[in-house]
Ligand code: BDR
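The form predicted alone is given below as one chain in structure tokens.
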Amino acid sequence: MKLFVDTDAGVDDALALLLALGTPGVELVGVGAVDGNVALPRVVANVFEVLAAAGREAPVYPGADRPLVPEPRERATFFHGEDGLGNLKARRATIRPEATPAALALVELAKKHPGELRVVALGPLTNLALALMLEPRLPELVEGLFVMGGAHAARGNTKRLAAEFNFAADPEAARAVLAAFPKTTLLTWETTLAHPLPWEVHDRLAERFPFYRAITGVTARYLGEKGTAGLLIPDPLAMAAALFPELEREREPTFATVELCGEHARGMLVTGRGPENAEIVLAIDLPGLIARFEAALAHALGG
């Protein structure tokens, strides 16, 4: 499986990357970086830190440092730490990004591997929207698109009450991507809330894998104070949809677009009647995913 991951490299992004890096048969052909959870330079640094922790290399392509329509950015440092990676104290990665912008790299890689590339988007969709401007045939060139984004029941997690973070960060980009791709697989915020990583599993992983423990501490403390049933793992769930379709238990085909207006609704995922252009993953075999995730961490991180 050839994989291109576009990410804003927060904590759950890092866990999703480790899931891919530790799964046999997955070739990470490139990583696009996009401004989101933290600023773009920190995103790039975080990707390299994850690659270093796994002892792996992959080309990293810096991408958009702002949304298509510039506006004040809402960060998620309260969730991911000031550096986006749990305030990681010991950093060891050498930062050597590629000169090619992420959008152009995605187009070039899709043309190099026509019909083979799975694209997993874990952050704002700005890079993908720019890639579509460069090559409108991009949806025909890739095998599939898997997106962590949207709130299918309008249960948002931003100041815009109905909008999920990634879609709220660049509504125009999210709308353009959904309009262009014939079938986008969506892992939404509500599906994330329904599939937390139980605290007993988190504690076991934190005990076994020092890097996992180092990057998840801030997030775990925040969620623990909120009383959640476990660690929320939106991006690993989206990655699982791409890597392990056999773990899916329920998905719903629908028409999907994004609202661009409104104080509370800008960036809101809108679904309903119309040509079906998306499938929302509603349920995943969580015990099965936990087994795959722990095995991947052992493969990527040792221990």
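Just count from 1 along the sequence shown to find any residue number. On a predicted model such as this, the values are computed, not experimentally measured, just so you know.
Another form exists, predicted in complex with ligand BDR; not displayed. Remarks below refer to it.
K.L.:
Sort through 22 to 30, 264 to 272, 232 to 240, 46 to 54 and report the only stretch with a non-hydrogen atom within 4.5 Å of ligand BDR in the model of the complex.
P.N.:
Stretch 232 to 240 is the one.
K.L.:
Against ligand BDR in the model of the complex, would Glu164 count as a contact residue? Criterion: heavy atoms within 4.5 Å.
P.N.:
Result yes; Glu164 sits at the interface with ligand BDR in the model of the complex.
K.L.:
Indicate whether ligand BDR has at least one heavy atom within 4.5 Å of a heavy atom of Leu186 in the model of the complex.
P.N.:
Output for Leu186 is no: heavy atoms all beyond 4.5 Å of ligand BDR.
K.L.:
Does the 4.5 Å heavy atom contact test between Met148 and ligand BDR in the model of the complex come out positive?
P.N.:
Heavy-atom contact with ligand BDR at 4.5 Å: present for Met148.
K.L.:
Does the 4.5 Å heavy atom contact test between Asn157 and ligand BDR in the model of the complex come out positive?
P.N.:
Taking the distances in the model of the complex, the answer for Asn157 is yes, it comes within 4.5 Å of ligand BDR.
K.L.:
Exactly one residue in Val119, Ala102, Leu122, Leu85 has a non-hydrogen atom within 4.5 Å of ligand BDR in the model of the complex; which is it?
P.N.:
By the 4.5 Å heavy-atom cutoff, the listed residue in contact is Leu122.
K.L.:
Is it true that Arg175, Ala179 and Glu259, all three, sit within 4.5 Å of ligand BDR in the model of the complex, judged by heavy atoms?
P.N.:
No, the whole trio is out of contact, none within 4.5 Å by any heavy atom.
K.L.:
Residue by residue through 1 to 19, tell me which have a non-hydrogen atom within 4.5 angstroms of ligand BDR in the model of the complex.
P.N.:
Asp8, Asp12, Asp13, in sequence order.
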